[in-house]
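Taking the form predicted alone, here's one chain by itself in structure tokens.
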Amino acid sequence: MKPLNSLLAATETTIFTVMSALAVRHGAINLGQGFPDTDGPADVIEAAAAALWDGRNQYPPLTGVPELREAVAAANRRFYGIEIDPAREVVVTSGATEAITACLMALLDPGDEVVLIEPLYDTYLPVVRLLGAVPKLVRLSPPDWALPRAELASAFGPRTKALMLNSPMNPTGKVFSAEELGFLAALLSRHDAYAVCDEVYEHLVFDGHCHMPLMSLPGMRERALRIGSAGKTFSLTGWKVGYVTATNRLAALVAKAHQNLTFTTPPNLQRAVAVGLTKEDAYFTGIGAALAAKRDRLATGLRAIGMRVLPTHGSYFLTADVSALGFPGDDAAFCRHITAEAGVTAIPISAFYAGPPPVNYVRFAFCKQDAVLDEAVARLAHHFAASAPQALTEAAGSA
């Protein structure tokens, strides 16, 4: 039989699916995939349930129900001072992953170059390649994840069409500063390029850091496509409601891509998210504070075991250097080992790289109940306290 699509055939199943399946098989605590283990706000869930009975369950408008587009525009004004036309500059999508794909489809022709920053969410690279564009990879390095300015400047050139920017960043937890964003904005202006801004963790920031959309900087209003996620903001990741904010010239093409991907998103969920976006300021500041406490709880436990925990200022995740534990395998073998032998699942950081990665870092999700985090730490502590170096060597060889 004739071969199938070569790019998709060569694309591996996402590491999140692989590790979550392994966690189920071994009855492990899943600190790998980034989803909370409790539902989000009750009033948002009640609004979704009530909306099922109001007689509006047929196709909603392609770009989203007016209530949600207006709420997204109001949130842009409320949090960032960005004025948005809800009728022409907002597109509601079935999750942020679809939004990423639709934005890249709107921008890229075959042969265009896209600057991508590693470590990177594993959807970015396959979509760029499926569209026939050329990825130009620039790497941030642990432990401080500093912006490599010379390498970034060299990655931009005459064929650069776009930058893919993720802040707050998965998996590093890096929140790009105003000064760093200014540097990127200057490159985009100089090379007449666009930015697809994955900002799904925009409200999940800690330690006095503030999320600043690239779109809010001078000259970026016409160049930036800003992606938000109700799943992350309201701890309802299974709803898959995302939204793109962009100037009408860009949003119109995002809408055309969206109509060929999913066309619409469930109307009751859209109307419920609109309710969520009008919640009081205390809700949006409170989710970051609550997550910071969970981060600190998990980080303290991991340090006591012997891991070096890197700083994280946003998102659901922290990165830990496991070198001191004496495990002789790489990060992927380590994550398989602790899933099977300790009953705790993490994600290898190497999964977020296209080229040769660092192999001693793993990502843990801390968006779980305190008792779950404590039990995960207890299992890891017991395992590594009981594991002699020889036993670890044998385990690595069989992983």
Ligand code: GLN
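Because the structure is predicted, anything quoted here is derived from the model rather than measured. Quick note: we count residues from 1 along the sequence shown, nothing fancier.
In what follows, reference is made to the form predicted in complex with the named molecule, a form of this protein that is not presented.
Just one of Asn170, Ser235, Thr264, Thr160 comes within 4.5 Å of the named molecule in the model of the complex, counting any heavy atom, and that one is Asn170.
This chain is displayed alone, yet in the model of the complex one of Phe327, Tyr121, Tyr194, Phe156 has a heavy atom within 4.5 Å of the named molecule; that residue is Tyr121. When contacts are judged by a 4.5 Å heavy atom cut-off, Pro348 does not count as touching the named molecule in the model of the complex. In the model of the complex, at least one heavy atom of Arg363 sits within 4.5 Å of the named molecule. Contact annotation for Gln369: none of its heavy atoms lies within 4.5 Å of the named molecule in the model of the complex. At the 4.5 Å threshold, heavy atoms of Asn57 stay clear of the named molecule in the model of the complex, well away from it. Judged by heavy atoms within 4.5 Å of the named molecule in the model of the complex, the contact stretch among the candidates 332-340, 49-57, 30-38, 66-74 is 30-38. Taking the named molecule as it sits in the model of the complex, the stretch 253-278 never comes within 4.5 angstroms of it through any non-hydrogen atom.
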